[in-house]
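This document opens with one chain alone, in structure tokens, the form predicted alone.
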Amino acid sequence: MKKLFSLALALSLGATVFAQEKKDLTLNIVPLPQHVQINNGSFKINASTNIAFDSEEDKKVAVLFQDFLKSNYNLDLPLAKSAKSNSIYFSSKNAKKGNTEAYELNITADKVIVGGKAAGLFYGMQSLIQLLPVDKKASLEIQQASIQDEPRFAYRGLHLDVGRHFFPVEFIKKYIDILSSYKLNTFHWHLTEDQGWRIEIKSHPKLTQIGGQRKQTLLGNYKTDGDYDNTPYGGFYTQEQVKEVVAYATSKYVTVIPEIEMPGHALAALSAYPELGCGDNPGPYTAAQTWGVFDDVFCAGKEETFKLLEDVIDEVIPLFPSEYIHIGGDECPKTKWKTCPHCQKRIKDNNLKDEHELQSYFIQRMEKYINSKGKRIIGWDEILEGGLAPNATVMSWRGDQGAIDAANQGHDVIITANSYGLYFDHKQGPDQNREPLSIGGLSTLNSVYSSDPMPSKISEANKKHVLGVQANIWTEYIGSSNKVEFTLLPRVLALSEIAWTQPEKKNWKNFSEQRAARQLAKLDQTSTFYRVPEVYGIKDTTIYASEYTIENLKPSVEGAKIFYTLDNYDPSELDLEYTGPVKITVPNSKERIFKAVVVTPSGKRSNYIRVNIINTKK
């Protein structure tokens, strides 16, 4: 894998610092640390600098930092077991007890000390990397400072659906690099769907041989009688590849949680084993070629269904050291259950009231089996219906109510609803004509940053049950790794900050115009795709005036330029460059249309901002 991203997503130290409401000063680090004190002077890294460490665990992080400097600055520094002057010292020796994700970073004229245990030491390294200069040919100087930092939430997650579209192992590793660079700690791997089963199960090989393939895929937006590409599509991860991904994630202090969907979203599995569908003569089934929710689900009345799913769990559990297995549980239509003699017999034999209680039976039975293997379940908030074991965790995706209900019942909760902007497959700007094809919805960088993933209506006593926050990328309309990156970046920057930083310390202007802008400048030097945010300082609007001045515009990427037009043509770098206030005079009964675009050093462009200036005088 080319070293396009990895830890190279680092930021450099800002030329200036900013004052928050409480007069705290901070550096250009994403997510924003909890406590920062900036001192005079700097630490200079040169060929004589060594990288020191305490324990073998500390050495792992020291080597990551050594590799980063070698790959990005062509500087190969030696490792040492003792810290002298001119050292960068990774130490767990004096780390405070308690939160293992906390860290301290102390930078003086002759030494840098990164303190913390395990993940905390790794996060301290990430902050240190972000203090290195953007210009890789510049002198490596780091501002003297002292940082004490720890996360707000214990669970900070990012999801990827590989069922609708499949992505190779090397990209999955890059995805893990991205999330770990911003101190996210959980990768939710959505491995099974109606459109494809993506994980090898040796006891049931047809799950991937048949269920891992679909005949064709919908073109364009969802339509009942849509057009298709007439091209077979498939792919899956072998168990050896899964182990490789999990080991890689572990090296970056990321936990991988697998999701095996049940009882709905099962068409791919049913295409392989149609006997697990409802009725006496079910099927035939094919893996879905379009998107949506389908009536064909696992039969809840057949013992064969539970035997296969238990076999799947038996093979999945050894691959993932996570304490959790995600079992889905969402969007399960009951239509086929209502007419299935096996499901109706199950309802009668177990004195269940209806098909909703049958789903509860299904979920609870699988939960007990997973618990018997020493694991806990996570499921989407529909699993609340009918009751759960107290150690089950709920992902609240349909708004706050699922979180409130789960917490009231004593369950831990992860916030993942789009009401917080957390569905990253939704478009990033309001005008669909200016955005790539998507499933719809709206999740802007600002909306993600402005959200606080602590439901306002949850009781004070139950806030302890909110473990954290996760963003989801569903891939109905995301068929390439490039587009995954585009949907992820820059919104992952905002996600990291709402997951890590206390809400009273957030500052949108500083985040967007300084820290995120610097981060995107770093990204712009790589082959990573990202969406360039629109120019800051104006919005799409209409103004009635005979004269108007456009001023105080700022590019959304540090080092980028702003270009504009006044003739309603879309601007590019061939047009006028914005360098200061633009005074626009409009004749009577006329209008002028100002459009501005950000163009980065690599040539990437933002969508344009449009201001209509209309003179209504006749």
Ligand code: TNX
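All of these numbers come straight from a predicted model, not from anything done at the bench. Start at 1 with the first residue shown and count on from there.
Below, we turn to the form predicted in complex with the named molecule, even though it does not appear here.
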**Study point:** Candidate stretches 90 to 98, 538 to 546, 469 to 477, 281 to 289, one within 4.5 Å of the named molecule in the predicted complex by heavy atom
**Key:** 469 to 477
**Study point:** Listed residue (236, 380, 187, 182) with a non-hydrogen atom within 4.5 angstroms of the named molecule in the predicted complex
**Key:** 380
**Study point:** in the predicted complex, the residue from 330, 311, 357, 150 that sits within 4.5 Å of the named molecule by heavy atoms
**Key:** 330
Review point. In the predicted complex, do 156, 325 and 375 all reach within 4.5 Å of the named molecule through at least one heavy atom apiece?
Key: no
**Study point:** 4.5 Å heavy atom contact, residue 425 to the named molecule in the predicted complex
**Key:** yes
Practice item. Check whether residue 265 has any heavy atom within 4.5 Å of a heavy atom of the named molecule in the predicted complex, and answer yes or no. Key: yes
Practice item. Using the partner position in the predicted complex, report whether residue 253 sits within 4.5 Å of the named molecule, counting heavy atoms only. Key: no
Check your understanding: So, in the predicted complex, is residue 352 in contact with the named molecule at a 4.5 angstroms heavy atom limit?
Key -> no
Exercise for review: Could you run down 135 to 174 and flag each residue that has a heavy atom within 4.5 Å of the named molecule in the predicted complex?
Suggested key: 164
